[in-house]
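Listed next as structure tokens is one chain, alone, in the form predicted on its own.
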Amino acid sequence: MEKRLIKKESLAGVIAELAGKMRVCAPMQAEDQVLFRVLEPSERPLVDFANTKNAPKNFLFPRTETLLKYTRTPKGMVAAGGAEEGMKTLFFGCRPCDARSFKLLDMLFDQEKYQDPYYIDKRAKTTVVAMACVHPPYTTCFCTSVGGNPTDSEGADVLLTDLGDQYLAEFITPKGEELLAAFGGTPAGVEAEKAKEGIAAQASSEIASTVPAREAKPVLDVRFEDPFWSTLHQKCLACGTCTYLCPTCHCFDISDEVKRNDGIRIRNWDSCMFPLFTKETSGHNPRPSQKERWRQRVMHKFRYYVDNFNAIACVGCGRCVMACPVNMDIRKIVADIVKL
């Protein structure tokens, strides 16, 4: 693995130059928020930020995505293509929690039994440059409780660590190594690696929240009908904010929109928090209240995903905690479950 030292003042210029050659998605200031969005060729990304309000998942698994177009003829349906092809893309500035979310999504969309060609195409054409959290940005961060850490390289092709006046750039994968010429820099020595080790240890120690996430599954295995679920959901507004901001939530709905003889099939994000999510054509809904919906959300992340992929479907970014309008806190929910 190639390791380089990159001067701080040169980094934003390097990324801005790359934006003239490929699509670059990066953190950008938007009034009082930082959003992950497409960088225009004349723009420079933020390199000093806490985390983005939105997760970069949207560029691999779009909020709305055309799957195909078709035309109805007297002889039947004729497909006319229409799927949105991925383009060569650089994700710059993902925090380690978001980079790790891509690995979790890979488990679902690119597994042995099922491959989603739309996601796989975009993922193959995307290079991820992650930026380590030297100081975890929020008290709501809990990545160390779900298998990550603030300087984790999982899911990243390049990892940048702030060493003070320069960045340690670790080119982890072949896709990352393709950026060596663009980044330049000088070879990193033993001192830089030792500095990175110290930063990693300090950053992990600064994670204030400890969540017993790994201990939840044995309880969830036997507490499906527990009275706990009848009290958990009572203040939930079913707004879906937690699922739409989550880097790993991936529920979707597919619908056809037809005008005369032409139609498109589109995939839209959906949410287990919504009343219509499991409503059947007959009118029956197996999850008729928010009780069943919240149980599904928790079970999916901390039990079903573990059963299927041996991984917790949460990266501990804390977005759902910060954004919930009624202060529902997944950290407390998991802690309460373990006490059942």
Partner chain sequence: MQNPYVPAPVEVIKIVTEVDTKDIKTFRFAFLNEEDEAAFQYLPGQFGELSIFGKGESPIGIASSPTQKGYIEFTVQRAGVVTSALHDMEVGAVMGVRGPLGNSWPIDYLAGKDIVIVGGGFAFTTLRSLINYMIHPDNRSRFGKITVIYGARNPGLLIYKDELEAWGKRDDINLNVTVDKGDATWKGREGFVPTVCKEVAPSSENAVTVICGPPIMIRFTLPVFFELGFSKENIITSLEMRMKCGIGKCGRCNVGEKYVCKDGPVFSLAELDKLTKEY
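Heads up, when I say rigid core I mean the largest set of C-alphas that superpose within 1.5 Å between the two forms. Positions refer to the first chain, counted from 1. It should be emphasised that the depicted structure is a prediction, and the values quoted were computed from it without experimental measurement.
Omitted here: the form predicted together with the partner chain. The next part is about that form.
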- Message: Among the candidate stretches 311-319, 277-285, 32-40, 48-56, which one is within 4.5 Å of the partner chain in the predicted bound form when only heavy atoms are counted?
- Response: 277-285
- Message: Within 4.5 Å, heavy atoms only, which of 244, 229, 183, 118 is in contact with the partner chain in the predicted bound form?
- Response: 118
- Taking the partner chain in the predicted bound form as the reference, which of 195, 237, 87, 78 has a non-hydrogen atom within 4.5 Å? 78
- Message: Please determine whether residue 206 contacts the partner chain in the predicted bound form, using a 4.5 Å cut-off between heavy atoms.
- Response: no
- Query: Closest heavy atom of residue 296 to the partner chain in the predicted bound form, within 4.5 Å or not?
  - Reply: yes
- Task: Answer for residue 233 alone: is it within 4.5 Å of the partner chain in the predicted bound form, judged on heavy atom distances?
- Result: no
- Contact of residue 254 with the partner chain in the predicted bound form (heavy atom, 4.5 Å): yes
- Message: Each of 5, 178 and 201 having a non-hydrogen atom within 4.5 Å of the partner chain in the predicted bound form: is that the case here?
- Response: no
- Quick one: name the residues from 35-58 with any non-hydrogen atom within 4.5 angstroms of the partner chain in the predicted bound form. none
- Quick one: core overlaid, is residue 71 moving 2 Å or more at the Cα between the shown form and the other one? yes
